[in-house]
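Before any questions on how it binds or moves, here is one chain, the form predicted on its own, in structure tokens.
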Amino acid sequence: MSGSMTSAPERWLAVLLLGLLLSACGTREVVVQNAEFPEPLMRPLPLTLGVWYDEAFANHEFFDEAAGRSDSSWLVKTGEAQVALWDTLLGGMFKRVVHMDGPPGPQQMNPVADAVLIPEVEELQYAIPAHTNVKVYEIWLRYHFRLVTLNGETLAEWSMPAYGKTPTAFLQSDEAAVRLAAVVALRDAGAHFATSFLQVPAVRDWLAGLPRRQEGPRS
């Protein structure tokens, strides 16, 4: 018999190791969708707010290439959840919210609004326990906001952080842990925005300069 022949257990082990290697080198994809976000418990401002989600925001995704052959690349798509969060949040903070047909500017035929909010994901980072079996993951987000007129003139501009962490290690997969951390980070962003919006100095100045309006029942 040839000395190069291997036994059935050895062949099975080789196939298993090859499968694990190919799996590790692939891209792990997480799509954050179908998440529920609560409306803020506050009296809505008696204003019509326009909102413009550019393509990068509405289809936001984050790709992190594997650092080594034994690691996996990660693709985290949050665009759908981003739009769901901010539609729900702003709908609870303002009497009326309208979506812009295009970016604010003098040439745009947009719906009438008191101002337009333009959100942007400025940065996304995450921590993955690559060398442990504990599926507790963390995600950090940094947003950049611009509040502008219908002509595109800046009224206020500021940044805001958000943070999410899986509340449990007992999840079925790494992908589920990353998705849950992203949802927690988005909920944190919503809560932070709702409590800090009126504290932004330029926002306060803008509101102070508006004609006083009588708050009626919410439509």
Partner chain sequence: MTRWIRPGSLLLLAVLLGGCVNATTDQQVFNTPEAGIGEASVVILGRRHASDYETEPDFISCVGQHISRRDDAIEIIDEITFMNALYPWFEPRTAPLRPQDIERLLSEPPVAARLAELKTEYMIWIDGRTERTDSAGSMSCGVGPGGAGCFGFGTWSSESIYEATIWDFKRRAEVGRISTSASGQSYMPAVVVPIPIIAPVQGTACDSIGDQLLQFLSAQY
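Numbering follows the first chain given and starts at 1. Here the structure is a predicted model, which is why all the values come from computation and not from measurement.
We do not show the form predicted in complex with its partner chain, though everything after this point is about it.
- Checking 49 to 57, 146 to 154, 26 to 34, 186 to 194 against its partner chain in the model of the complex, the stretch whose residues place heavy atoms within 4.5 Å of it is 186 to 194.
- The three marked residues, 85, 136 and 167, each reach its partner chain in the model of the complex, with a heavy atom inside 4.5 Å.
- Residue contact check for residue 42: one or more of its heavy atoms lie within 4.5 Å of its partner chain in the model of the complex.
- Taking the partner from elsewhere, residue 89 is found to have a heavy atom lying within 4.5 Å of its partner chain in the model of the complex.
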